[in-house]
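Just one chain follows, in the form predicted alone, and it is written as structure tokens.
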Amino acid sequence: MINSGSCSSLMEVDYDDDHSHEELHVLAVDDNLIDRKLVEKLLKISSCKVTTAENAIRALEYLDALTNNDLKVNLIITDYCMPGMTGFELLKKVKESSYLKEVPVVIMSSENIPTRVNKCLASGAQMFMQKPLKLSDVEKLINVIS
């Protein structure tokens, strides 16, 4: 399930581009509902438009739909450890895509494993952040995409 805004489904995403200032659009990917909701809430406090996906495969489907509609996200923030496809595998797919490779990707994990952090950063992650995220972490994210 993909959620854009508060309770909209993928088909109900509002693509109105007539804003006087461009709202930052963040795709948040996490298989844990509580972590996903926390990231969404913190990003919304910081005035970001947030779309959530419960796994990397759904995130790629959403990104593919955006690509086909000439729309974009300004940042992807993803959990590292997810079933099916990890956040690291999502990072690699994004960086291999000619359309998506410029989108910053931030990896989150509750485990601070230096080899994992280094592997993600070496593969193109913008940042590696420790979960649970805090408002100060989100301010760092905003600086990444501003």
Partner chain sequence: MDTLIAQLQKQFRDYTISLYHQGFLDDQFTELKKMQDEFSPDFVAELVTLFFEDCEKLISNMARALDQTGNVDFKLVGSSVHQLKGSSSSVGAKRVKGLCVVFKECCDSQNYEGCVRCLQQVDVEYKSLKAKLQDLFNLEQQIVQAGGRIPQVDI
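All values derive from a computational prediction rather than experimental measurement. Positions refer to the first chain, counted from 1.
The protein also exists as the form predicted together with its partner chain; that form is not presented, and the subsequent description refers to it.
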(request) Answer yes if any heavy atom of L42 is within 4.5 Å of a heavy atom of its partner chain in the predicted complex; otherwise answer no. (result) yes
(message) At 4.5 Å between heavy atoms, is K92 in contact with its partner chain in the predicted complex?
(response) no
(message) Taking its partner chain as it sits in the predicted complex, is D35 near enough to touch it, meaning that at least one heavy atom pair lies within 4.5 angstroms?
(response) yes
(request) Verify the contact flag for C81: yes if a non-hydrogen atom of it lies within 4.5 Å of a non-hydrogen atom of its partner chain in the predicted complex, no if not. (result) yes
(request) Tell me the stretch among 94-102, 26-34, 59-67, 117-125 that has any heavy atom within 4.5 angstroms of its partner chain in the predicted complex. (result) 26-34
